[in-house]
Structures are given as structure tokens and as C-alpha cells.
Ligand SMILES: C[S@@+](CC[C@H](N)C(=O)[O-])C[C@H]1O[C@@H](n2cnc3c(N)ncnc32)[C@H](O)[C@@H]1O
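This document opens with one chain alone, in C-alpha cells, the form predicted alone.
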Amino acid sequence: MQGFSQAADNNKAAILAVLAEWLPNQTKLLEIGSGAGQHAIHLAAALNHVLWQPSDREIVLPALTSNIDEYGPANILGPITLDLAAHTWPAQTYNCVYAANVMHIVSSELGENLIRRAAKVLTDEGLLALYGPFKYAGDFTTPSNADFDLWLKERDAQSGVRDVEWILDLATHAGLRLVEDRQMPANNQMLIFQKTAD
């Protein structure tokens, strides 16, 4: 597989357990930042009632498309270009938008774009699922997450582990309410938001 990530491989089973609970019915899902497609391939194969739309920046698309073509089950759509810095998002709506390990990699501005635009493409009562490490009241959940934050900032000063309160505020203003904050392995969380009906 092109661009294989060990971290993505490590957390896919735990993420599957959560999504299986929240996505029991026929679902159209948009994944933000699909990378090599490891989550898309594993999760879509197990959740065959979910129509999975992978996406990523244009530079990542060739490897992502190759992996999906070779390993993807029938319920994965062809990957599409989606850049959080761009204003164009898919015109259709989705029952779920899913992003794993994206919020701490991108700048806070792009993180805002993700939440606000995800809310716009979600159906009423649709879900936004954000997986990764987060801070609570400004504090890291573990020393290792504090170290990870330093490593991220050395790599890119605009990245870093985000405050849950900041995400909650953005989500609330976008018409989303938190319905679950689940502790996950390796000091991560899964935040599930639901779009409130207009």
C-alpha cells in the first residue's frame, strides 16, 4: 500500500467500534483527510451499509486513488479533491462527516473551516466525528500528548493539539451539538456532534 501509516493502522479497530454504534443505517459519509485510505478501506469493508466518500488534497490523491482502486470494497466511491483552504466543497449532503487526526495537523483557521463547512454539508441530525488528541480547560490529558504538541509545533508552528472548548464553541455556532465525547486508546478522544434541525 502506498503511503502506509502505522498510526492509522493501530487505531482503525477502535474507531470502527464507535462508528458502528453511531452509523447503524444506510449512510453517506464524507471522510476529510483520507491520506493513504487505510481507514476508508478497513471501515467501509466492515460497514458495508455506509457509502464512503474519501477525500484529500490534490497532492495526496494519486496514492489514495491507487490504494482505493486496489484494496477498496464496492461501497467506497472514487476519492475527490478537498482542500480545507479552498472554498469549494461537494454540492451534495452527507449523513456523516468524519476526520481522524486532522484537527491537530492543520492550522486553527483550517480547523474552523472543517467544522463550519462540515455543518453545511450535513443533513439534519447528521453527524460530525472528530478523532484525535485534545486538551481540556487548556490541559493535556497526558504528558505524552504535551510532548506530541511540542513535536507538532516544531514541525509546523500553526499546528497543535486543540482545546475541546474551542471546538465546542465553533460547533455550537455552526448548529452542531456534542452528543458523545468518548475516551479512545493511545490518549485520543472521539468527539461526535449532531446537526440540529433548522
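All values derive from a computational prediction rather than experimental measurement. Numbering starts at 1 and follows the sequence shown.
Not on display, but discussed next: the form predicted together with this ligand.
Every residue in 126, 174 and 197 with a non-hydrogen atom within 4.5 Å of this ligand in the predicted bound form? Not a single listed residue reaches this ligand in the predicted bound form, so no.
Would residue 101 count as touching this ligand in the predicted bound form under a 4.5 Å heavy atom rule? So residue 101 counts as contacting this ligand.
Going by a heavy atom distance of 4.5 Å, is residue 119 a contact of this ligand in the predicted bound form? Outside the cut-off, so no.
Would you please decide whether residue 82 lies within 4.5 angstroms of this ligand in the predicted bound form, comparing each non-hydrogen atom pair? Output for residue 82 is yes: heavy atoms within 4.5 Å of this ligand.
May I ask you to state whether residue 33 is within 4.5 Å of this ligand in the predicted bound form, using heavy atom distances? Answer yes; at least one heavy atom of residue 33 falls within 4.5 Å of this ligand in the predicted bound form.
This ligand isn't shown here, but in the predicted bound form, which of 43-51, 160-168, 56-64, 136-144 has heavy atoms within 4.5 Å of it? This holds for exactly one stretch, 56-64.
Where, within 104-125, is there a heavy atom within 4.5 Å of this ligand in the predicted bound form? Residue list please. Residues within 4.5 Å: 105, 106, 110.
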